[in-house]
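The form predicted on its own is given below as one chain in structure tokens.
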Amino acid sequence: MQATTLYSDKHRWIMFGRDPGKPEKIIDTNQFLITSGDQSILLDPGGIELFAPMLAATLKYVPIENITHLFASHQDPDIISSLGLWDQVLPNAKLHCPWLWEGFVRHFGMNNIEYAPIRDQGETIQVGNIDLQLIPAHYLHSSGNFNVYDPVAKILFSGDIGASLEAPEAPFEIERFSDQIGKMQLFHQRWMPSNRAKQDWIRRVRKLDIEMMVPQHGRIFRGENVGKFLDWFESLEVGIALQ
């Protein structure tokens, strides 16, 4: 499991991914750890097959008792099917996840972790000394779906928005945006069902001050590539699978 620090000041963002031991035919995923004081949150901690390498990688940065929050952007197995295993090792943690998916996500196993349902309109949660904004992204591509925005680090965790299908050895960061389009287009057209929802999300996100957009699959958008993505996504027809 590779790891890289995206931001480090009074709190810290660490990205994990490109696990060389990942089984074939399972999509590669990015996981994120935000640490502040004696609390930490894991964003979309991953599938069940990823639990052991993720746990080992995470413990290089924080002790287990400092993982006090989990965040699941939506209900999919590559997001949170590891929940039942985290549930066995975290003594005192909350899972922040859309209210819509509680009855489904609990199938992954949840006896100790507290479910903290996120309201449709979003909310702000405190982790250590930072406030993280949970930004609605419904129907992109799940009917209950959220992003995480850190206004201090100016990082937006965008979940499946901005995702690309990459080779396991791909770098973490986009170099030239035009080279990325072919890796993103089909994913967004097929997995994002609503142009209206897309435009609503773009209007909301354009109001944020974003220096880095980090998706759950693929590469990081930094600087001007964030705006290039929003312009490209705005003009892309999505939900065209049945046409």
Partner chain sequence: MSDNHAKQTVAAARIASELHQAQQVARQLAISSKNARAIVLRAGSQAAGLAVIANFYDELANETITLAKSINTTALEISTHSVVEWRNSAALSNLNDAYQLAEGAPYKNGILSFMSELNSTQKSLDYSFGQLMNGLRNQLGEIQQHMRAIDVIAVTSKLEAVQTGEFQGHLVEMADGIQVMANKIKEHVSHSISLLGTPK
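In this text, all values refer to a predicted model and were calculated from it rather than measured experimentally. Numbering follows the first chain given and starts at 1.
Beyond what is shown, the protein has a form predicted in complex with the partner chain; the following relates to that form.
S.K.: Counting only non-hydrogen atoms, which stretch in 26-34, 45-53, 193-201, 170-178 is within 4.5 Å of the partner chain in the predicted complex?
M.R.: Careful reading of the contacts points to 45-53.
S.K.: Which residue, P91, P117, P77, P151, is the contact with the partner chain in the predicted complex, using a 4.5 Å heavy atom cutoff?
M.R.: Only one listed residue qualifies here, and that residue is P91.
S.K.: Mark Y61 yes when one of its heavy atoms lies within 4.5 Å of a heavy atom of the partner chain in the predicted complex, and no otherwise.
M.R.: Output for Y61 is yes: heavy atoms within 4.5 Å of the partner chain.
S.K.: Using the partner position in the predicted complex, report whether G109 sits within 4.5 Å of the partner chain, counting heavy atoms only.
M.R.: Heavy-atom contact with the partner chain at 4.5 Å: present for G109.
S.K.: Contact with the partner chain in the predicted complex for L134, defined as at least one heavy atom pair within 4.5 Å: yes or no?
M.R.: Taking the distances in the predicted complex, the answer for L134 is no, it never comes within 4.5 Å of the partner chain.
S.K.: Does the 4.5 Å heavy atom contact test between V127 and the partner chain in the predicted complex come out positive?
M.R.: Residue-level check for V127: no, no contact with the partner chain.
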